[in-house]
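Listed next as structure tokens is one chain, alone, in the form predicted alone.
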């Protein structure tokens, strides 16, 4: 049993790191734009399919396709912002319209992937050498270790960007007070486009990691990852990227440990129990106080 627990902890940390990437991108988008992106999971799965196409057609390994997916989805996010989001400001009820718009985008992306790839689950038949590594009594798939390494690098890069660069500091300021950021002369439209583009780029990169770590994906998998992303940002505190990172790791460990101690059917409700408990006991999230400072 102790080996099972140790395996659950290690795999929970790795899966949690991927969930943290989901939460980071979704939290960054909500913090700046105050838009709940229901299409985020579909963007993630689109990243998985991008890695699948690059591997099937060009023979490109998943890790090599990760930067390509990140750049392409960054550009897509930048374009999508200017095509979709500014129209919301001219609506009588921007908040409701943002829900409808993002839900419509979610359906559109899922339908496009269904049309292009069919309903069957796909996977990338790529193996690292060696397939797994032994760390003490725990055997870890090499693909998962590479995925963990990529998430650590991206997290460090995002930390440097948010805390050391002028655009990053402007994004943090907009998360705290959007109106005050505009008053001091920041172009909030361009800043919002940057936030949308970065969130989309991270979503595409996360999709590549999901294709690398999890056994299969299909056009309908996006809703699952959207739900996980929402649980993570609620748990970490809405609009708090640091809280989302910590909450993602916590949720991943909780999910994996639940699969050790509980039947599979019961383990799936752990995420919803965490979400409901957080809303009831601490509506601002575990780290919501930081976002409100």
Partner chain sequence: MTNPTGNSHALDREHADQIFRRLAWLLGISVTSYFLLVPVLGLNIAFHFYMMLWITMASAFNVSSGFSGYMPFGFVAFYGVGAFTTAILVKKAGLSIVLALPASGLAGVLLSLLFAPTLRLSGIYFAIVSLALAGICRLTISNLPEELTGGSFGLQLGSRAEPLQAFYLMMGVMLIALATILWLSRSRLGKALRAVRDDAEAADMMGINVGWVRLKGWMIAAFFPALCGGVEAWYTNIVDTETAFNTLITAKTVIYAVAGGLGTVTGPVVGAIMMSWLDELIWRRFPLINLLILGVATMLLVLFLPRGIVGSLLRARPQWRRFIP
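Residue numbers count along the first chain shown, from 1. Keep in mind that what you see is a predicted model, and the values were worked out from it rather than measured.
A second form of this protein, the form predicted together with its partner chain, is not displayed here; the remarks below concern that form.
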Candidate stretches 245-253, 47-55, 29-37, 63-71, one within 4.5 Å of its partner chain in the predicted complex by heavy atom: 29-37
Proximity to its partner chain in the predicted complex, single hit among 176, 152, 138, 107 (heavy atom within 4.5 Å): 107
Would you kindly say which of 117, 220, 161, 214 lies with a heavy atom within 4.5 Å of its partner chain in the predicted complex? 220
Thinking of 13, 126 and 146 as the candidate spot, does its partner chain come within 4.5 Å of a heavy atom on all of them in the predicted complex? no
Please tell me whether any heavy atom belonging to residue 190 falls inside 4.5 Å of a heavy atom of its partner chain, as the geometry stands in the predicted complex. no
Are any of the heavy atoms in residue 238 no more than 4.5 Å from a heavy atom of its partner chain in the predicted complex? yes
Using the partner position in the predicted complex, report whether residue 83 sits within 4.5 Å of its partner chain, counting heavy atoms only. yes
Residue 9: touches its partner chain in the predicted complex, heavy atom cutoff 4.5 angstroms: no
